[in-house]
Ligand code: HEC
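A lone chain, given as structure tokens: the form predicted on its own.
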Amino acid sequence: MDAYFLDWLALFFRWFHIIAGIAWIGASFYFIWLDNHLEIPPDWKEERGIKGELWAIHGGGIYEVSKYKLAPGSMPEVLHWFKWEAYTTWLTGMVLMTLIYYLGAEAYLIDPTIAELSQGQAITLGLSTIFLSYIFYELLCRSPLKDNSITIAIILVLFGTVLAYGLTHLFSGRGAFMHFGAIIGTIMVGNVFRVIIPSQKALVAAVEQGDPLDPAWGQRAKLHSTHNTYLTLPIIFIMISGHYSMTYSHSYNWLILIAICGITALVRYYFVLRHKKINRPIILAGSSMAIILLAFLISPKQLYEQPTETSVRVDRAQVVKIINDRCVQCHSSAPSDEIFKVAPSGVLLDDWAQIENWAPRIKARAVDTREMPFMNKTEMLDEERELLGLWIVGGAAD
């Protein structure tokens, strides 16, 4: 398929994916907030089987919300379900994975400097990792350990760390991060499809048929819903991580991935506690300090020295030659690259004015993080990066 139309397909499904994701995460956040803000109802409501109530104001009106301990005596004619947001988010995400990382495996997923894989091998490894990881999670949640939340959390962190390390030693940094996100997304939608919705259907069916109600249905659904709420912030980070190469292109990208997932899950924990009127600012402060420390620890190591009077002078001809040899294949008004037919991010380097204009970005992407050229497909040398660094920080001569 023509690259232009593939880009339009990717745009449509990315847009659709974000819209569905906002709806899913918004509903998830709202119901966790709702559960944690329920108050003891008056006696007459308790006699009707109501567990908690909440009053709220929004959009110019006042709402009264009640939650039953199990279910009402009879089901209402209209009962709203929240499931298609989750299914649509996962389906559009997998379409995006196919369009970008599987059809474009040689450009986005396979990095020959990490592992020599064919397109078929990369796709098979990617899909196998996603679904085998979900099976591991399901078995863990059905094991005798299922009621020990701390043990489950420790095992999942250890498993995630091994998984992140393995993925980043199979695929490109971006490809590894996206697959880790796909694993989280699959676990989350699996929780909805295989646990939360079936439990709710069983509850509704029992009410309609007059059968005894089993509290385990609601308890199991609530447990997996809670798992999902702690996974939301990590997966949002992964969704936007492709724009920030200092994370996925770092030599310790697997550790950065786990650290940020852990920090963001901890931030979510802080807000869950706040819903319950438990204020632990130390959690939020500690998370903020951890992000700052992480940013400091992974800051790029300088390939060049700050220019002095005796520094090698870098003239325009040297810079232009490096850009022409290593960059304009993609970053041009008429790219010659077989994959990128439009300049990525609109960065054009056809003339000197454009090169000067994009100098800070060249420093960030080609010199500091070494993300560019993309997977170093034009084989830019360290010496060339050093010359660009010297020119950008002030050593250039016209």
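Note that residue numbering begins at 1 and tracks the sequence as displayed. Everything numeric here is computed off the predicted structure, so don't read it as measured data.
There is another form of this protein, the form predicted in complex with the named molecule, and it is not shown here; the text below is about that form.
Peer 1: Using a 4.5 Å heavy atom cut-off, indicate which stretch of 26-34, 42-50, 339-347, 63-71 touches the named molecule in the predicted complex.
Peer 2: It is the stretch 339-347.
Peer 1: Considering V314, L163, C327, I258, which brings a non-hydrogen atom within 4.5 Å of the named molecule in the predicted complex?
Peer 2: For this set of options, the contacting one is C327.
Peer 1: Would R370 count as a contact of the named molecule in the predicted complex, using a 4.5 angstroms cut-off between non-hydrogen atoms?
Peer 2: Close contact is absent here: in the predicted complex, R370 is far from the named molecule, nothing within 4.5 Å, heavy atoms only.
Peer 1: Is M380 close enough to the named molecule in the predicted complex to count, meaning some heavy atom within 4.5 Å?
Peer 2: Answer yes; at least one heavy atom of M380 falls within 4.5 Å of the named molecule in the predicted complex.
Peer 1: Using a 4.5 angstroms cut-off on non-hydrogen atoms, would Y248 count as touching the named molecule in the predicted complex?
Peer 2: Yes, contact at 4.5 Å.
Peer 1: Would F16 show up as a contact with the named molecule in the predicted complex if we use heavy atoms at 4.5 Å?
Peer 2: Contact check for F16: no, nothing within 4.5 Å of the named molecule in the predicted complex.
Peer 1: Counting only non-hydrogen atoms and a 4.5 Å threshold, tell me whether L233, R274 and R280 all contact the named molecule in the predicted complex.
Peer 2: Looking in the predicted complex, the three residues L233, R274 and R280 all stay beyond 4.5 Å of the named molecule (heavy atoms).
Peer 1: Mind listing which residues of 358-382 have a heavy atom within 4.5 Å of the named molecule in the predicted complex?
Peer 2: Result: W358, R361, I362, R365, A366, M372, P373, F374, K377, T378, M380.
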